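Just the one chain here, laid out as structure tokens, in the form predicted alone.
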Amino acid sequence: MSRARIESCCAALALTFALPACSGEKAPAPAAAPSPATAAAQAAASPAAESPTAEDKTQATEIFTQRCTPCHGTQGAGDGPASASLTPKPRNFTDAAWQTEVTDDHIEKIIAYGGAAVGRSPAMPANPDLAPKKGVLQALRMHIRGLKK
């Protein structure tokens, strides 16, 4: 990770609130979390999108390593090196209950637009450079889904 990226992340953390977007704790949200049945129905109702390419998957792996693991950890358990100083702790992607209740659209939206975009803390930074890269977003979401225990 570059020094500029680390400094940028530290500045964002210093200027924002706690991390309910990445924690297991619930923060006030504009809408209630969908039930597992609703989440499954929403996923099924979504228009079929093209599958990510091999290049999308490679980019997603690199992005997860560079941008996500400092807080979420290499296995996505919310135990990255930066997590020690964060309260509340970053989201644990291995949590089966969270995986069941969250939609694919929610995961992709928070990756691209940050915590504030989904009614969570803005401390979860946005990645606006990824918004137009649908295949990379899908591959990142698939990577996060694959961390479920």
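Residues carry their position along the shown sequence, with the first being 1. Everything quoted here is computed from the prediction, not taken from an experiment.
There is another form of the same protein, the form predicted in complex with heme C; it is not shown, and what comes next is about it.
S.K.: Look up in the model of the complex whether Gly135 has a non-hydrogen atom within 4.5 angstroms of heme C, and give yes or no.
M.R.: Because no heavy atom of Gly135 falls inside 4.5 Å of heme C in the model of the complex, the answer is no.
S.K.: Although heme C is absent from this view, report whether Pro90 comes within 4.5 Å of it in the model of the complex, heavy atoms only.
M.R.: Yes, Pro90 is a contact residue.
S.K.: Should Lys57 be classed as touching heme C in the model of the complex when contacts are defined as heavy atoms within 4.5 Å?
M.R.: Contact check for Lys57: no, nothing within 4.5 Å of heme C in the model of the complex.
S.K.: Is there a heavy atom of Ser121 no more than 4.5 Å from a heavy atom of heme C in the model of the complex?
M.R.: Residue-level check for Ser121: yes, a contact with heme C.
S.K.: Tyr113, Ala117 and Lys148: each with a heavy atom within 4.5 Å of heme C in the model of the complex?
M.R.: No, none of the three is in contact.
S.K.: What residues in 58-75 sit within 4.5 Å of heme C in the model of the complex, counting heavy atoms only?
M.R.: Those in contact are Ile63, Phe64, Arg67, Cys68, Cys71, His72.
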